[in-house]
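In the block that follows, a single chain appears as structure tokens, in the form predicted on its own.
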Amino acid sequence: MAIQLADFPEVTKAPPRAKTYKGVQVLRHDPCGVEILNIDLAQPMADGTFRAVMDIWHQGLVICFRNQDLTAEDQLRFGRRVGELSVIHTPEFTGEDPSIMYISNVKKNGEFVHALPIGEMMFHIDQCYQPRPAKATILYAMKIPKTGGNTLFCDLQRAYDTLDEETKARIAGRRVMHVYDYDAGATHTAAAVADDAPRYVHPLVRTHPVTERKCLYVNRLMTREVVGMDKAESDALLARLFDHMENPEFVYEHRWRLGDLLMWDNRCTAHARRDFDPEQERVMRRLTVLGEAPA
């Protein structure tokens, strides 16, 4: 049975104490979230500070810059420093630059005008159905609802590390097919997908190119099958892996504040969205940074 996002408790914890890494003030959240407190992305960032931010990102997997007031160009400047930006493949959702996508429930003439406007969204990995999936996603909160709409992040490295040795041996060298049919199942797994829906085969377990840590590279929304495996066996194995990786022990829940800019390592995390009141506006500006072919 698929785990529902409602199964993740809204746990309130005492605020962690800030620490400093190479001049960057950080708050660490378990298991995979870091807040950065003293950087204004609208201002130039020194090379040493940028290297420290990237170090923090590679270790923390999800980093949040609080209290940002960013133009589209500010966000693009930071994104281009992280790497080559991906061009949006759905031109109807493109913003003022080919790399900008707006995710919102804004309507014009009674119709939604941006991507993924409403509702809960299953755990997924951005662009895993492409030959070179995103290495980073950079999401900026422009409007947020009073409640709901939180984003959950699963640490796929920890999920892999905690598998039993028999399962690790069973999945070693296996490959999986990822498919995303936006029309049939944008937020929840579709019963069937179109023949021309974007798809690609990648390793079930991938190794991070910087940290060299292994992680699971599957997700409930887009991973359709283990290549070369009987369907019943494939379905059972994937369901077991999905349930394991979505264990709340591996999940950080980000409660958005206005002005948050989040960047997550799309190579070793999966993310999901909680439901929210569709009558309250939620507007996010998104960039993705092109990654390497998973290996």
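Numbering starts at 1 and follows the sequence shown. Just so we're clear, the structure is a prediction, and the values are computed from it rather than from any experiment.
Omitted here: the form predicted together with a small molecule. The next part is about that form.
Of the candidates C128, I144, A136, L139, L139 is the one whose heavy atoms come within 4.5 Å of the small molecule in the predicted complex; the others do not. Only one of the listed residues (I103, I100, I171, V193) places a non-hydrogen atom within 4.5 angstroms of the small molecule in the predicted complex, and that residue is I103. Proximity of D181 to the small molecule in the predicted complex: non-hydrogen atoms within 4.5 Å are absent; the residue sits far from the partner. Proximity of H114 to the small molecule in the predicted complex falls outside the 4.5 Å heavy atom cutoff.
Shown alone here, E225 lies farther than 4.5 Å from the small molecule in the predicted complex, counting heavy atoms only.
Put simply, H124 is close to the small molecule in the predicted complex: some heavy atom of it is within 4.5 Å.
Of the candidate stretches 70-78, 200-208, 116-124, 154-162, only 116-124 has residues with heavy atoms within 4.5 Å of the small molecule in the predicted complex. Note: H124-G119 Cα separation is 3 Å or more shorter in the predicted complex than here. Relative to the shown form, the Cα atoms of E120 and D277 move apart by 3 Å or more in the predicted complex.
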